[in-house]
Each structure stands twice: as C-alpha cells, then as structure tokens.
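What follows is a single chain, given as structure tokens, in the form predicted on its own.
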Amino acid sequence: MKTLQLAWVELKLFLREPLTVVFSLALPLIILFVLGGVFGNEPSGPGEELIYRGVGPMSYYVPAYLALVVASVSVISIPTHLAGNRERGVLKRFHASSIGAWEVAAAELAVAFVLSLASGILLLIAANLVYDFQPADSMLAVFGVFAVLVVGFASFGIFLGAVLPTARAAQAVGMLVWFVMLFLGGAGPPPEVLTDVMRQVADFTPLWHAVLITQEAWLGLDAGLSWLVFGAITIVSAVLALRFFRWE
C-alpha cells in the first residue's frame, strides 16, 4: 500500500514536469510522423538493396517506436526526476519516513509503466489513423515484451538517477544516451545503411536489442541473442541501482 501511494505521488510530480510530457508523449510521435512522411511503407523490391529487415518502413518503425517510447520515459525522465528529488531533499524525507530504496525503485517503475503505456497507446492510435502497416502477429505477446522493456529501461534509468549528482547532470546524460540510441539503436536510420563502426556501437545500446525483441513479437523476425543481452542489461542495472542508491 505504501508503494502504491508513493507511486501515485510520484506520478503527479512527473506530470508537472514539461520535459516528461514532451519526451514521453510528443517527441516519439513527431519523429514517427517525420519518418513516415519520408519513407512511406513500401518494402524493398526485387533486385533492390534489402533494408528495414525486408519489411515496409512503417511496419519496421511502429514496433521500434514502441521500444523508443519506453526508453524516452526511462532514460530521460526517471533519472532527472530522481536526481531532482535528491537535490530538493525529497529522498531524504522519504528515508526518514522508513521508505526503503526498493520501494522508491518500485514506485519509479510503476510510474514508468503508466507513462509508457499511455504514450504507446497514443502512438498506436495515431499510426493506425495515418499509416498502413503490418499488424502485430500477437498483441498479447507485444504487451508482454512491452512490460519486459519497461522493467529493463526503468532499471537503467534508476541506475542513472542513483549515480548522477544533480538533475541537470541527469538530464544531460539521459538526453545524450537517448539521442545515441535514437540514431544508432534501430529507431533512426535503417540499420542496413549504418557503417560497420556504427553497427558495433549499436550492439552496445539497450534500444537496439529492445527493438529486435519487439519486432520479434510484432513481425515474427528473429531477435537472435537480444533477449539474453537485454536481460543482462536489466539485471546489471537493477543491481547497480540499488547498490549505489543515495538518499542525499
């Protein structure tokens, strides 16, 4: 009950921050429309270079942007909010009220899930109204993957918020990580046009593996070892977040 109450308070505080609303709700949607206007949804024809893993651009990008939505909330908003609460002494007061680090983490996870779900639904509604793309093989499987992504990215975001000293630092690092993931992690240029070096960097971004496992559930494309890699990132992030969590 204490965790649910804390999550409710945190959600209201999140919604008062304009950056959260812009990045979690608006920006992924804007970028999706820009890419849709540029690339359409025609797959590669016979004799043409195979891009977008052999499917239409929008069929590729819609599940990829579901993963980006989760990354937007967790990598930018959570660290900034958590570090800001530390600066303002909010975490110190939580600690004085016998609230544990795991309860704060659980509340942040709950908020990330609610915001990501709202943004994901908005994205799918808008995409369905504007574009023609391949429907999901199983929306139940997609939802299950979505929940896994929230846990993974939220763990990573809580880790950043735990180790970065100020809200400004957390915002700067979070945005840098987000833009690197956007351009190299499968949600920007088609992966087939990236250089070998860029692809090697992409292999180290959690978004790339999140995109692959989301597309596996949505399109039936093979995710390879991405489940294991994303799971490892989730576990390591969660352990480090609780290990280095600071109240003040």
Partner chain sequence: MTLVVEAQHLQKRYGDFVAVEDVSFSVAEGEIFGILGPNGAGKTTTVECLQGLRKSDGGELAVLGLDPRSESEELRRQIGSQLQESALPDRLKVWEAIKLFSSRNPGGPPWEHVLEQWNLAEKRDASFGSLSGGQQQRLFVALAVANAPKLVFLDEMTTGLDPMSRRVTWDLIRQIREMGTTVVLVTHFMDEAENLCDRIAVIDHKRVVAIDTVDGLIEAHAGDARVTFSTDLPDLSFLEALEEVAGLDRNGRRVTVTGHGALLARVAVALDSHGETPVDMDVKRASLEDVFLNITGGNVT
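Just so it is clear, the model here is predicted, and its values are computed rather than measured. Numbering follows the first chain given and starts at 1.
Heads up, the form predicted together with its partner chain isn't pictured, but that's what we're talking about next.
Asks: Answer with one of A232, L13, L240, L25: the residue that has a non-hydrogen atom within 4.5 Å of its partner chain in the predicted complex.
Replies: Selected option: L13.
Asks: Taking 4.5 Å between heavy atoms as the contact cutoff, choose which of P165, G89, G144, P135 touches its partner chain in the predicted complex.
Replies: None of the others qualify; the residue that does is G89.
Asks: So in the predicted complex, does N128 come within 4.5 Å of its partner chain, heavy atom to heavy atom?
Replies: N128: no, not in contact with its partner chain in the predicted complex.
Asks: Does the 4.5 Å heavy atom contact test between P18 and its partner chain in the predicted complex come out positive?
Replies: Residue-level check for P18: yes, a contact with its partner chain.
Asks: State yes or no: in the predicted complex, is some non-hydrogen atom of I99 no more than 4.5 angstroms from a non-hydrogen atom of its partner chain?
Replies: Yes.
Asks: In the predicted complex, does V9 have a heavy atom within 4.5 Å of its partner chain?
Replies: Yes, contact at 4.5 Å.
Asks: Please pick out the stretch from 150-158, 90-98, 172-180, 136-144 that is in contact with its partner chain in the predicted complex, where contact means heavy atoms within 4.5 Å.
Replies: Looking at the other structure, the answer is 90-98.
Asks: Within 153-180, which residues come within 4.5 Å of its partner chain in the predicted complex, counting heavy atoms only?
Replies: Heavy-atom contacts to its partner chain in the predicted complex: nothing from 153-180.
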